[in-house]
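Taking the form predicted on its own, here's one chain by itself in structure tokens.
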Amino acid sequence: MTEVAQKKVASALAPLQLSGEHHLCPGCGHPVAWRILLEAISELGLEQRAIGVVGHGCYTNIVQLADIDFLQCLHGRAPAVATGVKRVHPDAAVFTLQGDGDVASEGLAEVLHTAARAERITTIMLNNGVFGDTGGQMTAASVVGQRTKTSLDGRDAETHGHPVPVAELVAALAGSAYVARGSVNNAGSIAKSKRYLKRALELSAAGAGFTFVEILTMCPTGWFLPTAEGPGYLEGTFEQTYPLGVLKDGPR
């Protein structure tokens, strides 16, 4: 691909994407995840039915950049709010977009109970292992050895406990219809993550039950790394703790 062609691809907006500008740090993986989410919604023809619910985090900036309806709620409570939205508007394609701090630390009970009830919504967890929006503290999903503002020497299992594998917990519940984990650190993983998102949104919109997609994203700032080292660090650390792939496809 020529340099000119690369620039055209990089500058092209996805369907439903209002702007290519954002205020996140260089090397952040969230904007890539936003893009494939919007592409998935558009390709499924859910533009007029989609309603997103977000909590508080770096990812919340999507509400300014996407041409779909969003609600914002308290930290961790997005699945509960989304449940209400879906019950009031049963024909809507309702999803939550949350971070790992939002899901694993603040709202684990919310997502597990929502899955157990087989609510017909999709939860998307962007996992970079830090509370990025509040300064880079450790979350329940931070991997062992990971440096954060509150684990400067690296997360220690004896002191801080082990990471919480949210996707595996959700997959074990009878109410979940689809669970997958992807990443955005290279082109192949991005393509797979988009397929996971499309499958999850399609199933929940069709009434199959609760669906969950975890996407591992880069946070070089929170990881104390040069920007270019983010993708390699994700592969070498996060993917060892959180293996990629489809964990569940179809209710048990």
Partner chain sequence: MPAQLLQGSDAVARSAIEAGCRFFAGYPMLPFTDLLEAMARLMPGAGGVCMNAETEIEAVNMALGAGAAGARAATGSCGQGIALMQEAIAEAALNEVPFVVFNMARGQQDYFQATRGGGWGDYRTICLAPKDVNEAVEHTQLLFHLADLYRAPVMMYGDYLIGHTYMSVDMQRRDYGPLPPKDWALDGRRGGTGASRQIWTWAMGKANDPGPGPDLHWQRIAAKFEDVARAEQRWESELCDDADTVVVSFGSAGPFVSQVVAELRADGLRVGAFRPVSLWPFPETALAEACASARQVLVFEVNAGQMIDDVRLSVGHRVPVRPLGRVSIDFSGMRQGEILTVPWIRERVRAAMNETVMG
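Quick caveat: nothing in here was measured; it's all calculated off a predicted structure. Numbering follows the first chain given and starts at 1.
Note that the form predicted in complex with its partner chain isn't included here; everything after this is about it.
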Which pick from Ala157, Ala109, Leu152, Ala174 sits with a heavy atom within 4.5 Å of its partner chain in the predicted complex?
Ala109
Each of Ala141, Gly161 and Gly209 having a non-hydrogen atom within 4.5 Å of its partner chain in the predicted complex: is that the case here?
no
Per contact check vs its partner chain in the predicted complex (non-hydrogen atom within 4.5 angstroms), the hit among 175 to 183, 109 to 117, 143 to 151, 130 to 138 is 109 to 117
Given that its partner chain is not shown alongside this chain, does Arg195 nevertheless sit within 4.5 Å of it in the predicted complex, heavy atom to heavy atom?
no
So, Phe224 and its partner chain: in the predicted complex, are they within 4.5 Å at any heavy atom pair?
no
Though only this chain appears here, would Leu244 touch its partner chain in the predicted complex if you measure heavy atom gaps against 4.5 Å?
no
Would you classify Glu47 as touching its partner chain in the predicted complex, given a 4.5 Å non-hydrogen atom cut-off?
yes
